[in-house]
Structure formats: C-alpha cells, structure tokens
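First come two forms of one protein chain, each written alone as structure tokens, so that there is a structure 1 and a structure 2.
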Structure 1
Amino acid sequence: MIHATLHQLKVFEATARHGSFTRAAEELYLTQPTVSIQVKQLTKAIGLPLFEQIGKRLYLTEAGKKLLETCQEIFNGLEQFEMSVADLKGMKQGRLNLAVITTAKYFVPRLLGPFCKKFPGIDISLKVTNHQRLQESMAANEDDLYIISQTPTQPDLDIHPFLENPLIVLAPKGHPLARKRNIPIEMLNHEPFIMRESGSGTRGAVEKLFEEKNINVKVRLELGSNEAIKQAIAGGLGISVLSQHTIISEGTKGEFAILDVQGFPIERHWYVANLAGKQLSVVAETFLQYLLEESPGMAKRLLPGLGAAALNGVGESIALESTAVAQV
C-alpha cells in the first residue's frame, strides 16, 4: 500500500487540473511551497515522478495520469457515499452537475428554483453550452445529467424525452411576411438570414431541412448565441430559425413575429440523458424524477402565450441506447 493521505491526493488533483502549483495553491487556500512539498512527498511515496516541468507549465507523466484517474474515482466515490449517507438520514444533500444545451436555459432555471426550495441541501452546477460541446462533456463523463435535443450515436445513453422543442422562423415584428399564411419555404432564399455557429444543434437541424428542400439562404451573419440572434433580428439584420423557447418571456407580443413557413416548425424534443451504465447519484436521481414529473405542468404555465399547443409533455419516459433513438 502506498502511504498517501487524502489531503495529498487533493493537492495533487488540483495541481494536475491546473497544471500549476501556484493556481492549485490559490484554489486550496494554501501557500505555493506547501503545495509543492505535498506533491514531493507523494512522489516519494509512489517512487515515480508525477509531473514534468516544461517552462512554467507542469505536464503529467504516465504515472501522474494514472494517479489522476484514481483520484477522480476516489473523490467521486466519496461524494456518492456522502449523498447516500445523507439519504439514509432522510436528507437529500450533495451536488448536482447539470449540462444543458442553449435552448434549455430558458426553461431549466425556472424549474431549478422550486427544486432548490424543496431540497435546500442540494447544490447545483449548471453548464449551458451548444450541442457539440455537450457531446465532448459526455465523452469525458463530466456531468451527472445532460439536456439535449439531438441524441448522439456515441456514447451510449439512457434517454428520457420530456418536452417538445420546436424550431420556428423568427422575424422582426413589422416584417412583410408576418401577415402571410403558409409561406412557401423557397421565399427564405430572398431573406437575409442569421445562422448559429457551426457545432450548434439548431444549425444542424436547419441545414438538414434546407438541404432536403434545396434551399440556399443568404447567411448575412453567424452568431454563437440565441440571445445575440434575437437582438440582431430586432435590429432588422435579418430573420433566423430558433427554438420557440427562446421567446418564452415575450412571446409574439414584443419585438418578434413567427413566420408561418411551410416545413416549420421543425419538430424536436428535449431529452434528459445520462451515460448508460453510470450509477446516478441520489441527488441526480431526485432531479431526474422531479424534471419528468414537473416539466409538463410548468411548460403549460409558462407557455400559454405562445399558442404552442406543441409544447406539451411528451409522456412516458423511455430508457434506450442512444443508437436506438431516431436522430432528430
């Protein structure tokens, strides 16, 4: 048995994550010499170097990489243990790591409010990012639960659909097409178009439809955020395709009009997913159940102004391997 203390492992893990003694010391509220002495003692106990220093940056050696993996397993195990003990004591306590795609930020925080009131012992880390970045987080097993609109082929996931997430054509209020019905999709070719960045799931769905229908829009602007696109639309720079949830607060009463274009809305769903085979923590399990039970009711309360009969609960949960779920 290697004689290493839990404290030394924590110091090592922070140093490895930051690639720097100084930044690890800052995070742990220790002095820099204390951090480097702890790492030195650990290195001596293991009998192999854990870091190589090139310039100012530290790089992990093979032994260092193995030790980092082991540390992460130990700390995750301890965190799970703490949550289970709290559960046995009748308390839901611990940390929930949640990663959601950009459109879900209009909905999930509203659900988190009542959830945190009900379970005050649960801390939440909420990461909002696009589809591609979310896939990278899944591959690296960074979070407990993921909210996505498109199910990747890899990795294998347990997936539960929970709400519809339609994509609509959004234009500024006074747009000439705003009063027209059943607009042929080819009309979009004549409109300046604002597109999300590459790697965005919204963009992927839009490009797929445009390719099927042979549509070649003039992309005037590419923007990496739904909110920035809304501001560009309001500013008269063009039209775009966004999730209907992005206008959850203002609906069509404010600056925007939803154009009634053939082929729209693009029907999509939000899914809550976790890595298949990963044991969910008590806290993650609690949130998953809460989300599936509460979200349809909350969507009805929040979205009546949108005329979105579509935004209802999808119904029963399913647990599937991602490969078995149709691509949206």
Structure 2
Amino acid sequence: MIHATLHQLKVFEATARHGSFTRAAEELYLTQPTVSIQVKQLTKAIGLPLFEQIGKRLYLTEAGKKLLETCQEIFNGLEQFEMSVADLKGMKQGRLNLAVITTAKYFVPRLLGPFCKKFPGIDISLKVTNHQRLQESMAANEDDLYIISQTPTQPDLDIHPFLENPLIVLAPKGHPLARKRNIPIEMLNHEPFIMRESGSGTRGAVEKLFEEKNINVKVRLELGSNEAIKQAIAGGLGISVLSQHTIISEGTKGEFAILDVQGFPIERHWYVANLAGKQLSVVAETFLQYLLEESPGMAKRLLPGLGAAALNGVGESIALESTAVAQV
C-alpha cells in the first residue's frame, strides 16, 4: 500500500460506489481507460483482486470491501482536518451532510437559507427520506445530523427538540364546520377521515388523542404522503390531521380551512439528532448550535400567522392555496 496514491484511492472509491468504471470516470472527469488503469495499478500494489465483474456490473471482493472502508476513513479524516484548519483560521467551511424526514422538506430550506448566508463557506448535502430509510442511514452512520419528527426507538442518539410541530385539522374551504368556533371533538365522529399510513408519526399522535377522547372516526382513505392527503382534502374526500408545516409554503387564499376543534392543535416538536458518541465536525457542531440558539424565534418566522386565529380558539377559517410539490 505504500505505493498507492491518494488519487488511486479516490478513483477506487468512486468506482466501488458506482459499481462502474464509466460512471466513476464521469464523476471524476476522467476517461474510462484512465480509471481502469488506476484501479489495475492499485490492485497490483495490494496483490489481491478488488473487483469481480458479472456482466457489466462490478462487485467488490472481500479485499475490495476492506479497502473501501479504509478509503472512507481516510477521506473523512482529511475532511475533518480541513474543517479544523479552517476553524483555526477563523473561518467556517466544509460540508454538512444532513438527512431529514419527508415532512421537514416544507421548512428545512427556510432554515438553511439564513445559515448558508451567515456561513457562506459551508456546503450542504440535504437528503429527504422516510422514517425507515432514515433509520438505515443512522445505523450506517451515513450523515452528520438528522431532523426527525418523533423520538426514535434507538437509545444511542443524542436528541434535541428545537422547533414546534403543531398538528392541525384541515378541511376543504367550504366545509360546514369551517366557520364554527370551539368545535367539540366528538363532531369528528361524523366526518369522513383521511389518514396517513400505519407507522406514521402523525397517525400515531392522532390515534393516541382519539383513544383518550373515545373518538372513533370513519377512515375513508389511507395515503402515504402529506401531499396526496392535501389533494384528497381539496377534492372533497374528507378531512385530515396534518402538521402545520405542510402548509407554510402556500398562499393565504385557496382551498383549505383549519378547523377549530377541541384538543387541537396536538403539540409536537421537531428534533435534531446525532449518533451518541459521534465526534461532530466543526461544521456539524456549528449547525447544531445554530438550530438550538435560533429555535425560540423560528416558529414565528416559519408559521407567520397561518391558522393563528383557529389555533387560538377564535375559530375563523383560514383559506390556504394548495401547491403541488414532490411526493412525501
């Protein structure tokens, strides 16, 4: 390995990640023969095959898997070193790998804008995914920080609440209950309901409240995305409970009304988490402190009056325009 170069390791890592000489060459702006030659020279230096080819796909051998782990450690170490040096120079620069639950896509970009403006030297890699994939990312230690909507079952996480996440009752604009005040929660028994899929954090919170209040709603439809639920509400298929953050990017006139139902909003929080014992990079630590220090004013900026009247019990309907976004 003393004869292996950092360039060869970089070429190998890209090839292993893509399982293809061609795709690695495209990423590194090299020719395919150059990538192939670099991998062959590295293989010769190690003395064991690193890949086996089946059809057009490359697969790592046991030696290749070990080398990939080593490469990742080397590159992560160099990245941490660069961040530390930048910090010593009085600068904040580097890369933040951030993974967030799907509903967080409605507000996270609004948090990242001011952060990136304050620290222009920091680049962000933002991954939006579901609970299951997020847990897999945590288990594989793929990211620096995670933004989640419920406390996960893993005990090996450091978790910090940083932002309110109220759950509200959303109905079509012309719904008969839209302009009523202090609606008894029992009235929901008579409404066709649209629910998130089983296992959803939102559904779990709603079912807990309904069980406490002895409410047994008629579930007309189960959907796996907030956006699909909003379209179903707009289409008159029923009412639902969603995070207020799912409507923050929309206008103040349109298809929805927030119902002033007793027991709502359900108070929840957004959390920022990292693996317990993980040594956070300078950049990750900077973003974590930013979230915790700025959290008192975040709710007012992110939820500027949307549904405020209904949420305070006045019961006025708040019309909101539905905007198509990527499926959750």
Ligand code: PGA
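Since this is a predicted model, take the numbers as computed values, not measurements. Only the largest set of C-alpha atoms that superpose within 1.5 Å between the two forms is called the rigid core. Residues are numbered by position in structure 1's sequence, first residue being 1.
Worksheet item: Which number, 1 or 2, marks the form predicted alone?
Response: Form predicted alone: structure 2.
Discussion item. Is S200 displaced by at least 2 Å at its C-alpha between structure 1 and structure 2 when the rigid core is overlaid?
Written reply: S200: C-alpha displaced by 2 Å or more between structure 1 and structure 2.
Worksheet entry | CA of E212, rigid core aligned, shift of 2 Å or more between structure 1 and structure 2 | Superposed on the core, E212 moves its C-alpha 2 Å or more between structure 1 and structure 2.
Item to complete: Using a rigid core alignment, state whether the CA of N97 is displaced by 2 Å or more between structure 1 and structure 2.
Response: Where the cores coincide, N97 shows only a C-alpha shift between structure 1 and structure 2 that is less than 2 Å.
Item to complete: Determine, in Å, the CA shift of S240 between structure 1 and structure 2 after the rigid core is used for superposition.
Response: Here the C-alpha difference is 3.0 Å.
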